[in-house]
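Here we start with a single chain on its own, the form predicted on its own, put down as structure tokens.
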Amino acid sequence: MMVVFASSEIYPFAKTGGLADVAGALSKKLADYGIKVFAFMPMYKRVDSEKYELRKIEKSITVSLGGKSYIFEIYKKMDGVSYFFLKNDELFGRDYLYGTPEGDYPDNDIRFGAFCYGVMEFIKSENLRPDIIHSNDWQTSLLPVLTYHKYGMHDVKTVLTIHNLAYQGVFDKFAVERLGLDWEIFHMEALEFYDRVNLLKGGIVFSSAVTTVSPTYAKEITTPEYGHGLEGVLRKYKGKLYGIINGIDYRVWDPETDKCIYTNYCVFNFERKSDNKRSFLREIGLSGDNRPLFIFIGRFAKQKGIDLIMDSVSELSKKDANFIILGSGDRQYNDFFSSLIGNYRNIYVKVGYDEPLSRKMYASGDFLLMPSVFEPCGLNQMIAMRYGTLVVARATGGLKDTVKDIMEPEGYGILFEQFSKDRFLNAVDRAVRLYYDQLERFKDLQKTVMTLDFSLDSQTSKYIKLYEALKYSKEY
């Protein structure tokens, strides 16, 4: 079976969040299962072609949109997966992937629309006949539309994975012309969305199947609370909507081999985890390795529940615990957390993206905080548990699917339902009491979560079954 896999970011080449991790891990795991995978990503300025040994190939691809031609150079890497990087510096030679801290790039429709055309032109020029074209999020959701309406590849089935419905690729209606589309598909049953173009909606309508990244989120997005205006469309197409939980690549996330942490460990020599905590606290200048250590790693965005942490700083600073916060995002959040640096004896903050630091945090932490407003799946909680760190989270989306509260039989985490400061602080207090009052149980739970299986193996087999069902189906 041949699969074309397109994503706006793929780990390790470029990453802003969980999409890159999933795209990188899933594409490689599919290849491990014997599927021929052609993975496509834009060649951003930050992609280090020398580090990753990317090779420029002879051919180039020309895409014409709005009376202008965009020439893409092609870079390639073979590593089980056949990776292809489309390079056009006018479109992608910028400091950021999607926009500056002030906002999205205004020409993102052209940028990612041209990339999607480039993928299709490459398929055409190489005479590839993929069984499946798998797109991810709005940046590549034009692919199902092009497959059927521009390239006439009606025998090729398309899959769209929604990693986060909050981001939909909405532009003014004249994006129809800028993207070389026909006005006949600008209506409420296709790309039209309140007199604007919604690229994600087009992908939902025209794909053969739509997946999202957890079973609970698949149900949530058909409701007004989580549907972001597309709940009606998703209810209409619920027959082709599937929830497949994400997983993590255990080759990438492994405390026994991780080169970024102080001391490697596994469930059989778990006491070494405490060595990481001591070394880390010493490095960042916090005292009290006998206190519970709470960590937050993620985007500073409303979705991540960052407002709850902001509103709770005063209360957290008075607790007999340490808190480490790592992340970046919207400017007002960056400014707020920057203002905290050095002001509290038990709160350490770093604003920015720092993967080696995040790995030290996973290895050192006792509890991971994920107070999300909504969470399609979440990977941080899986990584944390892989490193023996318990999760304190709001019961929503993939968090509800992967974390079981300690009040339940065989529970191993702490969940809270209502999105409120009081409920959040109550969950933190439950964690503190577990640490101080039931230390042996706490340590047993740490070892328990390390043995849970959140690898991609079972999830990959579900994607393969879906691919096979689509391949042999005669339906649209």
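Note that residue numbering begins at 1 and tracks the sequence as displayed. Bear in mind that the values here come from a model prediction, so they are computed numbers and not experimental data.
Omitted from view is the form predicted in complex with a small molecule, to which the following refers.
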When the contact criterion is heavy atoms within 4.5 Å, does Gly18 count as touching the small molecule in the predicted bound form? yes
Contact test in the predicted bound form: Glu355 vs the small molecule, heavy atoms, 4.5 Å: yes
With the cut-off set at 4.5 Å between non-hydrogen atoms, does Arg299 touch the small molecule in the predicted bound form? yes
Just checking whether Met370 would be counted as a contact of the small molecule in the predicted bound form - the rule being heavy atoms within 4.5 angstroms. yes
Consider the chain as shown here, without its partner, and state which of Leu326, Ile306, Met120, Ala209 has a heavy atom within 4.5 Å of the small molecule in the predicted bound form. Leu326
Taking the small molecule in the predicted bound form as the reference, which of Gln168, Thr389, Thr147, Asn380 has a non-hydrogen atom within 4.5 Å? Asn380
For a quick test of understanding: in the predicted bound form, does each of Asp366, Phe442 and Phe454 have a heavy atom within 4.5 Å of the small molecule? no
Only one of 103-111, 380-388, 276-284, 138-146 has residues with a heavy atom within 4.5 Å of the small molecule in the predicted bound form, and that stretch is 380-388
